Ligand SMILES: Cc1cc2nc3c(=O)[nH]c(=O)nc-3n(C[C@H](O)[C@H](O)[C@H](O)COP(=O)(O)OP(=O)(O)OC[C@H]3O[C@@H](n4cnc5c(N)ncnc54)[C@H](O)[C@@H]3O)c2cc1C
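Here's a solo chain for you in structure tokens, the form predicted alone.
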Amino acid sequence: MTNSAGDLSGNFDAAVIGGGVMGCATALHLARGGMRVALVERGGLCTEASGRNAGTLTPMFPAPFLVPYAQRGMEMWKTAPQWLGRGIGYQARGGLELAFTEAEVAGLESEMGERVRAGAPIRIMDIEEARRIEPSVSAKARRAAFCPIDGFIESNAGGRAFRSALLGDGVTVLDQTEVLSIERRAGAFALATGAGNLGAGRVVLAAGAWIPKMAAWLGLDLPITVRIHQMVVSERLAPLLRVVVRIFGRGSFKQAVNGSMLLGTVLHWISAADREADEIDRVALIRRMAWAVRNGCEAIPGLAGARVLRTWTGLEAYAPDNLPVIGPLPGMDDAFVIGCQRSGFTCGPFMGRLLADLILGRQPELPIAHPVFDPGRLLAMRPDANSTTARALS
């Protein structure tokens, strides 16, 4: 994509740094609320974590208290033609999560029970019932959870849709543009970018794994860690899966419209986003790819013999407590952050809208100025790669 800088003269009401789903949604709704907005993204819109995932939409991943947020996010993706101007290949398929071991069964029943109590339409069932829903899954699984509203969209199409909507609502889109520094000057913010300097009355850090680097420019040390996730894509296959399939704690599997099978898993942690090239373990990447393929064949025996065509990685940001970081930056007026959202793709458009409402002084549909989201809580934490949270996500 080419840069759509437009006029950088004068001050913007808000500058959003990071063109993933949450950054784009925040910028779009700020503009629709009457603000002059600049969105700055070092690559293409929705091409980092927001475009390097399988596009899964589910209330089965987020923490239980986030289930209502996930459901509203899913509804926004479903109705994208109305608010975004075009659809993004929304597929309502339903989703099955399988448990093969006793430990997986216990974890599945506990976690899904919490989400049911939070309002998610999930049913725990035996494998015979699960196989009536999806005959392709293995009869060796012991238990399953089914969510009829699960689905997915074409995540790599999100950037094009957001770009059109943002430009249509007057947002100055600076993609392929790196932010070099942020300074607080005379009650506003000065941003140095590869396209020139710009000023903004407010700034929103929505750059995912790069949030700690940008917060440091403003004098804040946020203990946000970075996880590598991995996608594996097979050759095109005859129709095999009708629903999204996951193995509890191991990965997800879905068949795209073109027949390719998408396998998602987790690789490992690195110290900082800018160190990806140095710290990613290529041997571990290959081993994890093989592990994901074995898991896929265990869950869906019909995958055996399918060829892997390619794999890629993406960077995800996590707070030490594995909860979202959304709201005002501590001790700093008119500076905000949005990120670290597990299942952020599902919730992303709704969270961006909520943050925009907060900045615009509107009453959000669901609470967003909440201690659970408060970025200030991070100041008492430190990143710990050996923590229980990190081990659980590895």
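On a predicted model such as this, the values are computed, not experimentally measured, just so you know. Throughout, we count residues from 1 along the sequence that is shown.
The form predicted together with the ligand exists for this protein as well; it is not shown, and the discussion that follows is about that form.
Practice task
Report the stretch among 360 to 368, 323 to 331, 340 to 348, 30 to 38 that approaches the ligand in the predicted bound form to within 4.5 Å, counting heavy atoms only.
Solution key: Among the listed stretches, the partner-contacting one is 340 to 348.
Handout entry: Contact label in the predicted bound form: Met76 to the ligand, heavy atom within 4.5 Å
Key = Flag for Met76 set to no.
Practice task
Although the ligand is absent from this view, report whether Glu178 comes within 4.5 Å of it in the predicted bound form, heavy atoms only.
Solution key: Judged by the heavy-atom cut-off of 4.5 Å, Glu178 is in contact with the ligand in the predicted bound form.
Exercise for the section: State yes or no: in the predicted bound form, is some non-hydrogen atom of Leu98 no more than 4.5 angstroms from a non-hydrogen atom of the ligand? Expected result: Leu98: no contact with the ligand in the predicted bound form.
Problem - Contact label in the predicted bound form: Arg143 to the ligand, heavy atom within 4.5 Å - result: No, Arg143 stays farther than 4.5 Å from the ligand in the predicted bound form.
Exercise for the section: Work out which of Val293, Ala80, Met231, Leu240 lies within 4.5 Å of the ligand in the predicted bound form, going by heavy atoms. Expected result: So the residue touching the ligand in the predicted bound form, by this definition, is Met231.
Exercise for the section: Would you mind picking the one in Leu220, Leu315, Ile124, Ala118 that has a heavy atom within 4.5 Å of the ligand in the predicted bound form? Expected result: If I apply the 4.5 Å criterion carefully, the residue I get is Leu315.
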